[in-house]
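Presented below, as structure tokens, is a lone chain in the form predicted on its own.
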Amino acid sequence: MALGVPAFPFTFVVHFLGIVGIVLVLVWNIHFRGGFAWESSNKSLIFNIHPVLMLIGMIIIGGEAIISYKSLPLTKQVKKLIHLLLHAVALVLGIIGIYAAFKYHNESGIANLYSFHSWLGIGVIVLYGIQWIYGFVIFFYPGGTPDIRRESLPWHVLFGLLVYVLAVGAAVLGFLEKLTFLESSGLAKYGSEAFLVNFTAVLTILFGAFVVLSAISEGPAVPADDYAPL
């Protein structure tokens, strides 16, 4: 099912919001939180890797992967490859981001997997990985039969959007959880950092909404010689 409107304007909004989101999360973690480190006596620098990689990887690059079929006037095979590679990058960054959170917890003596954010995050990364593997095997290599691909495609699209919406929800919960901890430790509730984090969470929701709108809208015309099944 597709909306009877072109996806192209929505995809421009996605690109713009993605750039703004990258800037905001970097400003937060570099200017306000002190930067990044994989090994440091200041364990918060390890944690800072987590929100940056999760937002840039799972949300922004993952969103760009979803809309690649609607934003690029290229052949289906080229768009399929771009879609696959962008999702692979998003998945790898997501795994590293989750590992950074575990590393921070373990080195700081903090329990793991105690919050709904962490439960949902683990569930999303597992579902994301299953979705990527299924897409690779059925639509790329070795590839299913034309009938299997044709019947699988609507479910692949639907499941992918569902997982992405859950990823956006997990990200927003993560911003809320981290800001709650910071405010409990003395961060000003109406200060510039709190405003920045809340605004980044709102932008994340808007980004996800426009990704979904792009995905269910009409894509660019497919070249005449490129109507072969996926």
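Sequential numbering from 1, following the sequence displayed. Nothing here was measured: the structure is a model prediction, and the numbers come from that model.
Keep in mind that the form predicted in complex with another copy of the chain is missing from the display, and what follows is about it.
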{"item": "Stretch in contact, per heavy atom within 4.5 angstroms of another copy of the chain in the predicted complex, of 47-55, 163-171, 61-69, 31-39", "value": "163-171"}
{"item": "Check all three, N112, V202 and A209, heavy atom within 4.5 Å of another copy of the chain in the predicted complex", "value": "yes"}
{"item": "Close approach of E193 to another copy of the chain in the predicted complex, 4.5 Å, heavy atom", "value": "no"}
{"item": "Distance check, Y141 to another copy of the chain in the predicted complex, heavy atom within 4.5 Å", "value": "no"}
{"item": "Exercise: L26 in contact with another copy of the chain in the predicted complex, heavy atom 4.5 Å", "value": "no"}
{"item": "W119, heavy atom within 4.5 angstroms of another copy of the chain in the predicted complex", "value": "yes"}
{"item": "Residue (of A88, I82, V157, L127) lying close to another copy of the chain in the predicted complex, criterion heavy atoms within 4.5 Å", "value": "V157"}
{"item": "Residues of stretch 182-196 in contact with another copy of the chain in the predicted complex (4.5 Å, non-hydrogen atom)", "value": "E183, S184, K189, Y190, F195"}
